[in-house]
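Shown next as structure tokens: one chain only, the form predicted alone.
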């Protein structure tokens, strides 16, 4: 990392309340892990949450800022060196399309948690890292970004062609 280069971690909870994630990234353990990995800035999008993170880390070398909502978080994702996200499919796939390293934190308080299935499957395929709020620090310390496999979106055209053929529509 060159002198003066800023490496930003962007955290997003989407439009939900996921205080457990915000509290986890605000913890001394997670901030220390991020510093040890060479990150210098932490930007937290806290959604509907009520927990307000501290603006500075304990040793003041990790610059921390936060906000509730923004018309678009695409720029934040685009400029981030690492994204830590809730397990919403929109946030996951937007981050993967941008080719950004991603840690998905599963909200265990959700009743029907299909999101955890998606996050765990993509982690198994090595497209991202998966954590729980209580394991986030450990996940950051253990992560090796070199092991991630780029996500390649599928091509729906063959399926569309088969459906059109089945329904008797012209096939291009």
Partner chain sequence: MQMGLDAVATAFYAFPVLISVLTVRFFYVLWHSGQPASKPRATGLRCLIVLGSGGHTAEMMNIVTTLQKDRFTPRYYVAALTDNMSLQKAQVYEQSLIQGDGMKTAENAHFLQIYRSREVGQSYITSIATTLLATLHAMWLVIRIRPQVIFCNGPGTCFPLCISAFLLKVIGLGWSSIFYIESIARVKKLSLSGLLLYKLRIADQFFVQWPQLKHKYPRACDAGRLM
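Numbering follows the first chain given and starts at 1. All of these numbers come straight from a predicted model, not from anything done at the bench.
What follows is about the form predicted in complex with its partner chain, which we do not show.
Proximity to its partner chain in the predicted complex, taken as heavy atoms within 4.5 Å, picks out 117 to 125 from the listed stretches 134 to 142, 117 to 125, 22 to 30, 63 to 71. Its partner chain in the predicted complex comes within 4.5 Å of a heavy atom belonging to residue 156. The shortest heavy atom separation between residue 78 and its partner chain in the predicted complex exceeds 4.5 Å. Mapping the unseen interface onto this chain, residue 164 counts among the residues with a heavy atom inside 4.5 Å of its partner chain in the predicted complex. By the criterion of a heavy atom within 4.5 Å, residue 160 is counted among the residues contacting its partner chain in the predicted complex.
Contacts between 32 to 55 and its partner chain, taken as any heavy atom within 4.5 Å in the predicted complex, involve no residue at all.
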